[in-house]
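Starting off, we have a lone chain in the form predicted on its own, written out as C-alpha coordinates.
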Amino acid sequence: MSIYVIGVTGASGAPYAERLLAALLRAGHSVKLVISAAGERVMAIESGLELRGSLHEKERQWKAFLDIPSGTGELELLANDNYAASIASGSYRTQGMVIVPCSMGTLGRIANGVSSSLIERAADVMLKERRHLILVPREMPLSRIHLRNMLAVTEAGGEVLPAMPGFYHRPQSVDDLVNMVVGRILDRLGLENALMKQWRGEAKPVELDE
(Lines give C-alpha, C1' and ligand atoms only; values in the text may rest on other atoms or scores of the structure.)
Protein backbone atom coordinates (compact mmCIF):
# COMPACT_ATOMS: atom_id res chain seq x y z
CA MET A 1 0.00 0.00 0.00
CA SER A 2 0.96 3.68 -0.06
CA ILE A 3 3.08 5.71 2.37
CA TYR A 4 1.74 8.99 3.76
CA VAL A 5 3.30 11.60 6.05
CA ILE A 6 1.15 13.13 8.78
CA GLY A 7 2.26 16.17 10.76
CA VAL A 8 0.46 17.31 13.91
CA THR A 9 1.16 20.83 15.18
CA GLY A 10 -0.08 23.14 17.90
CA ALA A 11 -3.47 24.25 16.63
CA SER A 12 -6.85 23.12 17.90
CA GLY A 13 -8.16 20.12 16.00
CA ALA A 14 -6.75 16.94 17.55
CA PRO A 15 -9.83 14.84 16.61
CA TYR A 16 -9.10 15.47 12.92
CA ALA A 17 -5.60 14.03 13.29
CA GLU A 18 -6.88 10.99 15.20
CA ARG A 19 -9.58 10.19 12.65
CA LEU A 20 -7.25 10.63 9.67
CA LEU A 21 -4.57 8.40 11.19
CA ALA A 22 -7.09 5.69 12.00
CA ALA A 23 -8.63 5.83 8.51
CA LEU A 24 -5.26 5.55 6.73
CA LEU A 25 -4.01 2.71 8.91
CA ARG A 26 -7.27 0.75 8.74
CA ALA A 27 -7.10 1.04 4.94
CA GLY A 28 -3.69 -0.63 5.04
CA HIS A 29 -1.51 2.42 4.32
CA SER A 30 1.77 3.11 6.09
CA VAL A 31 2.05 6.39 8.00
CA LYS A 32 5.10 8.36 9.02
CA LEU A 33 3.86 10.49 11.93
CA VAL A 34 5.61 13.61 13.24
CA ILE A 35 4.17 15.66 16.08
CA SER A 36 5.53 18.94 17.42
CA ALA A 37 5.88 19.70 21.12
CA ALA A 38 2.90 22.06 20.88
CA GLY A 39 1.01 19.36 19.00
CA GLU A 40 1.60 16.94 21.86
CA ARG A 41 0.21 19.51 24.28
CA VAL A 42 -2.93 20.00 22.17
CA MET A 43 -3.43 16.22 22.00
CA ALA A 44 -3.26 16.07 25.80
CA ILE A 45 -5.77 18.91 26.21
CA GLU A 46 -8.28 17.89 23.54
CA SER A 47 -7.97 14.09 23.48
CA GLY A 48 -6.46 13.14 26.81
CA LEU A 49 -3.46 11.47 25.14
CA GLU A 50 -0.48 12.23 27.39
CA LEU A 51 2.63 11.15 25.48
CA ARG A 52 5.49 10.23 27.81
CA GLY A 53 8.85 8.52 27.64
CA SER A 54 11.09 7.68 24.70
CA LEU A 55 10.13 7.94 21.04
CA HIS A 56 9.50 4.19 20.95
CA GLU A 57 7.26 4.40 24.02
CA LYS A 58 5.31 7.31 22.51
CA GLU A 59 4.83 5.33 19.29
CA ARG A 60 3.43 2.45 21.34
CA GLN A 61 1.08 4.86 23.16
CA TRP A 62 -0.19 6.19 19.83
CA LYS A 63 -0.92 2.68 18.56
CA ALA A 64 -2.79 1.79 21.74
CA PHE A 65 -4.73 5.06 21.63
CA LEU A 66 -5.82 4.56 18.01
CA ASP A 67 -6.75 0.91 18.71
CA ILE A 68 -5.83 -0.29 15.23
CA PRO A 69 -6.17 -4.07 14.68
CA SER A 70 -3.08 -6.06 13.76
CA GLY A 71 -2.56 -6.76 10.09
CA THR A 72 -3.35 -3.18 9.04
CA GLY A 73 -1.02 -0.35 8.01
CA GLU A 74 2.22 0.42 9.81
CA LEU A 75 2.69 3.50 11.98
CA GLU A 76 6.15 4.97 12.57
CA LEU A 77 6.62 7.95 14.88
CA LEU A 78 9.51 10.25 13.92
CA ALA A 79 11.11 12.90 16.13
CA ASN A 80 10.44 16.45 14.97
CA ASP A 81 14.13 17.35 15.34
CA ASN A 82 15.38 14.36 13.32
CA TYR A 83 16.58 15.95 10.10
CA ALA A 84 18.15 12.64 9.05
CA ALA A 85 14.74 10.91 8.93
CA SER A 86 13.64 9.27 5.69
CA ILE A 87 11.00 11.90 4.91
CA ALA A 88 13.58 14.71 5.01
CA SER A 89 14.85 13.59 1.60
CA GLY A 90 13.14 13.87 -1.75
CA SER A 91 14.63 10.49 -2.73
CA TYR A 92 12.26 8.83 -0.23
CA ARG A 93 9.01 8.33 -2.11
CA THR A 94 5.68 9.00 -0.43
CA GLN A 95 2.24 9.63 -1.85
CA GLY A 96 1.62 12.85 0.05
CA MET A 97 1.62 14.73 3.33
CA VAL A 98 -1.09 16.21 5.51
CA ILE A 99 -0.44 18.61 8.39
CA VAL A 100 -3.51 18.39 10.59
CA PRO A 101 -4.08 20.53 12.51
CA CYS A 102 -1.70 23.07 11.02
CA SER A 103 -0.78 26.05 13.17
CA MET A 104 -0.43 29.45 11.53
CA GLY A 105 3.22 29.54 12.60
CA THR A 106 3.88 26.26 10.78
CA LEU A 107 1.96 27.45 7.73
CA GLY A 108 3.89 30.73 7.68
CA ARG A 109 7.28 29.03 7.83
CA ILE A 110 6.33 26.58 5.06
CA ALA A 111 5.05 29.47 2.93
CA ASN A 112 8.41 31.18 3.25
CA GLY A 113 10.64 28.15 2.79
CA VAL A 114 11.82 28.02 6.40
CA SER A 115 12.56 24.48 7.62
CA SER A 116 13.03 24.73 11.38
CA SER A 117 11.69 21.24 12.11
CA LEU A 118 11.20 17.86 10.43
CA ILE A 119 7.53 18.69 9.79
CA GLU A 120 8.49 21.84 7.91
CA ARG A 121 11.36 20.14 6.06
CA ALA A 122 9.06 17.28 4.97
CA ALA A 123 6.51 19.84 3.72
CA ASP A 124 9.29 21.62 1.80
CA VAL A 125 10.21 18.27 0.22
CA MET A 126 6.60 17.75 -0.90
CA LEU A 127 6.56 21.13 -2.63
CA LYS A 128 9.92 20.76 -4.38
CA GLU A 129 9.13 17.20 -5.49
CA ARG A 130 5.66 18.24 -6.69
CA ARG A 131 3.91 15.81 -4.36
CA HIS A 132 0.60 16.30 -2.62
CA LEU A 133 0.80 18.62 0.41
CA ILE A 134 -2.38 19.43 2.32
CA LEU A 135 -2.41 21.91 5.22
CA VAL A 136 -5.45 21.90 7.51
CA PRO A 137 -5.51 25.15 9.51
CA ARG A 138 -8.02 25.80 12.29
CA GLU A 139 -7.97 29.49 13.12
CA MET A 140 -10.42 32.39 13.32
CA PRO A 141 -10.45 35.16 12.41
CA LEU A 142 -7.73 35.23 9.76
CA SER A 143 -5.30 38.11 9.50
CA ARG A 144 -3.97 39.50 6.24
CA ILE A 145 -0.67 37.73 7.00
CA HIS A 146 -2.47 34.39 7.36
CA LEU A 147 -4.24 34.91 4.05
CA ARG A 148 -1.02 35.90 2.27
CA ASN A 149 0.72 32.80 3.57
CA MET A 150 -2.15 30.57 2.46
CA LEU A 151 -1.96 32.08 -1.01
CA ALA A 152 1.82 31.57 -1.10
CA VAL A 153 1.44 27.88 -0.20
CA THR A 154 -1.24 27.44 -2.86
CA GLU A 155 0.87 29.18 -5.50
CA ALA A 156 3.81 26.90 -4.58
CA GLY A 157 1.70 23.82 -5.32
CA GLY A 158 0.31 23.02 -1.87
CA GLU A 159 -3.33 22.85 -0.88
CA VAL A 160 -5.02 24.62 2.02
CA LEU A 161 -8.04 22.74 3.34
CA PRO A 162 -9.42 24.65 6.34
CA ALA A 163 -11.27 22.66 8.99
CA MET A 164 -14.64 24.10 7.94
CA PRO A 165 -17.31 21.36 7.96
CA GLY A 166 -20.54 21.92 6.07
CA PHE A 167 -24.08 21.19 7.21
CA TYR A 168 -25.84 20.08 4.02
CA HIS A 169 -25.45 16.45 5.13
CA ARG A 170 -27.36 17.29 8.34
CA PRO A 171 -24.76 16.26 10.96
CA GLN A 172 -26.18 14.76 14.12
CA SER A 173 -23.01 14.83 16.23
CA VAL A 174 -19.53 16.25 16.56
CA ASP A 175 -18.31 12.97 15.08
CA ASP A 176 -20.25 13.72 11.90
CA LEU A 177 -18.52 17.10 11.61
CA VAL A 178 -15.07 15.57 12.16
CA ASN A 179 -15.84 12.86 9.61
CA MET A 180 -16.75 15.41 6.96
CA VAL A 181 -13.42 17.24 7.24
CA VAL A 182 -11.40 14.02 7.32
CA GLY A 183 -13.45 12.62 4.46
CA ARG A 184 -12.57 15.67 2.38
CA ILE A 185 -8.87 15.24 3.22
CA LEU A 186 -8.98 11.61 2.09
CA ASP A 187 -10.90 12.66 -1.02
CA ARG A 188 -8.19 15.21 -1.91
CA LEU A 189 -5.59 12.48 -1.47
CA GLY A 190 -7.54 10.44 -4.02
CA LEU A 191 -8.65 7.84 -1.47
CA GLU A 192 -12.14 6.35 -1.41
CA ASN A 193 -13.81 6.59 1.98
CA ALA A 194 -17.17 6.31 3.66
CA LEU A 195 -16.62 9.14 6.14
CA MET A 196 -18.22 11.81 3.98
CA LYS A 197 -21.43 11.49 2.02
CA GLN A 198 -21.03 12.66 -1.54
CA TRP A 199 -23.42 15.42 -2.55
CA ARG A 200 -25.68 14.14 -5.33
CA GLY A 201 -27.94 17.11 -5.71
CA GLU A 202 -30.99 18.34 -3.88
CA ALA A 203 -33.76 15.80 -3.55
CA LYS A 204 -36.68 16.49 -5.87
CA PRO A 205 -39.79 17.62 -4.04
CA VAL A 206 -42.68 15.18 -4.00
CA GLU A 207 -45.67 16.44 -5.97
CA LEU A 208 -49.01 15.73 -4.33
CA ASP A 209 -52.26 15.31 -6.19
CA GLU A 210 -54.85 17.94 -5.40
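The structure displayed is predicted, hence computed values, not measured ones. So that there is no doubt, residue numbering starts at 1 and follows the sequence shown.
This protein has a second form, the form predicted together with a small molecule, left out of what is shown; the following refers to that one.
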Assert contact residue (the small molecule, in the model of the complex, non-hydrogen atom within 4.5 Å, options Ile45, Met164, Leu151, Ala27) equals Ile45
Spell out, yes or no, whether the shortest heavy atom distance between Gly39 and the small molecule in the model of the complex is within 4.5 Å. yes
Would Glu139 show up as a contact with the small molecule in the model of the complex if we use heavy atoms at 4.5 Å? yes
Indicate whether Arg109 is a 4.5 Å heavy atom neighbour of the small molecule in the model of the complex. yes
Examine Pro15 and determine whether its closest non-hydrogen atom to the small molecule in the model of the complex is within 4.5 angstroms. no
So if I measure heavy atom distances to the small molecule in the model of the complex, which of the stretches 67 to 75, 127 to 135, 100 to 108, 83 to 91 falls within 4.5 Å? 100 to 108
